[in-house]
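Following this are structure 1 and structure 2, which are two forms of one protein chain, each written alone as structure tokens.
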Structure 1
């Protein structure tokens, strides 16, 4: 029996990540063009890449949503119609926007579906009704909204509802932080956020003699909602969004694979009582993340949602490479993303099925010279492995690495 599940919406920070997300199971991806989006640091898509990305996703039944969620200025709006016409011709599936000026411009120039970005901080039923009257078809709710509240908003408004299920979180109500504007001269609502909320602050309480306290009090833990998939489904949430257009290929592939595996399990079984649940959680711990929290998904986020640590990288795994070509019974061509050795602990992530270890009998340059260490930015040959396909990710366990030896 096929049970209903929400759409899994993955980030696509680049064309390559789009392909990885779709192949690893995302039902939809969201991406930004060269302008108008908030993630200026991610690669973003040129017009040519948009054409290729949309075709790739559509050929595989996945949808593409284009993010236009900066707070746009008058001049930007003048340039927007041309881009809208292009996107309409491409038949992208929706635009994600946060500004009423953008909504009005879209409605004047094309018939594309409009999703309201989380940047607009839509938090209640009445707000959803307002946006509905403005022509919005789907609302990406603020991360402060619980699943139960989201269910009520959906029921009362009749709109499609999208919620974040995984990823980094802004500590502020989205769109309500201008720290970077005033401290760094960079508009955080136009892609210039300097992440000042991740800094350590010394806090002096007013009217006390107490010494200053040092704290990362504004830094939020990351959201993880895999255990709450039943609640999302019960509430009828239409789309589960993963944050992270700036994140790695490893991240794009892993979250797409883990969440789609979990949702597919539900699709066929109608429950999540899978022995794989621990494995899925384990996989989510292998990608770059801060400590996880369920944020406000069940109850409003409390002090346990504060990360209160310096940002640090203690990843156990890193991406080693991406398979470019598979020559049956001969070799795999791998685009090396980070250096690995012949005898490193490597694992291959198939699009379907379990992750398995990969031991290398040889490691060669593309012209066939034996090497013991690959270097990033090169293409190498490793032994052929049955079932391995183009765009499969190869990752490396680094937890036992000693700095300087890799």
Structure 2
């Protein structure tokens, strides 16, 4: 018996990350083109990459949602209809939109499904009903809403509901932050967020006996909802969204695999009473992250959700490479992302099943010359391993690099 589970929606910051997310279990991906979106620091997709990416996802049963969630000016809206016609011809599955003018433009020029972006800050039943009357079919709720509240909004509105389950969080109400506009002159609602909330600030308690202090009081911990999956399912939340279009291949693959494995376990068993839960949580700590919190998913976030530390990368693992070809009983052809050495022990992340270890008994250039160390951006041959497939991620532990091994 298969039990119902929500859609797993993963970030696709590039064509390669799209393929990785889909192959590691995402039911859908969201991405942006070269214009009209908020994550301008992402690689984003050219028109040619959109064609390839949508075909790749659809061929494997995954959906593609395109973000048009920037707040547009009239000059932007003049260019939008041509892009909409292109996306409609590709048969993308939905557009993620935050601006009323954009919604009107979409309805006037195509028949694509409209999802309301979290940027629109929809937090209650009446707002959801209003957006529904305007043609929206799914609401991406603000992170300020609890799972219980989301369930009530779904029941009352009849709309599909999407919630964030993992990733970075903003200290502001969704879609209402203008800090980077003030500090950097960069519009956070038009793709220019400078992440000013992550900076250290001096706080001066005037007219009090308190001494001034320095603090990261506006920086939030990262969201982690792996143990709350039963609550999402009970509330009937349609889609679980992972933040992170700017993040790494390792992040895209690990997040998709962990949450997909967990949801598939529930689909088969109807519960999460598995010893794998500890393993899933351990995997989520191997990707780059701040301290984790459940945010406002159960109770409203408070001072315990503040990440009062300088931004730093204490990640123990990084991607060594991506498998380009598996030549049976001979070698694996690997696109090197970070350097590794002969005799290193690497970990291979399969699309399904447990992670395995591979010892580099040889390391060769693509032309077969023996080398001691690989170079990022190169293609190398390493020992063959049974079951390894194209686009499998190969990672290494960097915690002990100083000691001369990984």
Partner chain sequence: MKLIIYIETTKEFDLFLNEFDNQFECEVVLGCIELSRYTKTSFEDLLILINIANKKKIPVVLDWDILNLESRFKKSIAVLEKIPLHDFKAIRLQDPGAIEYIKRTYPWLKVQLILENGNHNLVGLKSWRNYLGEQCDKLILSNELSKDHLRQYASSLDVPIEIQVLGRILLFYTPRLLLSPLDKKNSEAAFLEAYGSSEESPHNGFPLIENQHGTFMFNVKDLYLLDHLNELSEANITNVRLDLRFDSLFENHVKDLIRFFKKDISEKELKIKNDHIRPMIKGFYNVNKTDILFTKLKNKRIQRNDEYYLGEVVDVERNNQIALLVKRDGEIKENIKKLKLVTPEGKIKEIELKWIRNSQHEEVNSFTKNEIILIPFFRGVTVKTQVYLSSTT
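Basically, rigid core = biggest C-alpha set you can superpose within 1.5 Å across the two forms. Numbering follows the first chain given and starts at 1. Since the structure is predicted, the reported quantities are computational estimates derived from the model, not experimental observations.
**Student:** Structure 1 or structure 2: which matches the form predicted together with the partner chain?
**Tutor:** That would be structure 1.
**Student:** Once everything's superposed on the core, is residue 365 shifted 2 Å or more at the Cα between the two structures?
**Tutor:** Superposed on the core, residue 365 moves its C-alpha less than 2 Å between the two structures.
**Student:** Determine whether the C-alpha of residue 345 shifts by 2 Å or more between the two structures once the rigid core is superposed.
**Tutor:** Yes, shifts by 2 Å or more.
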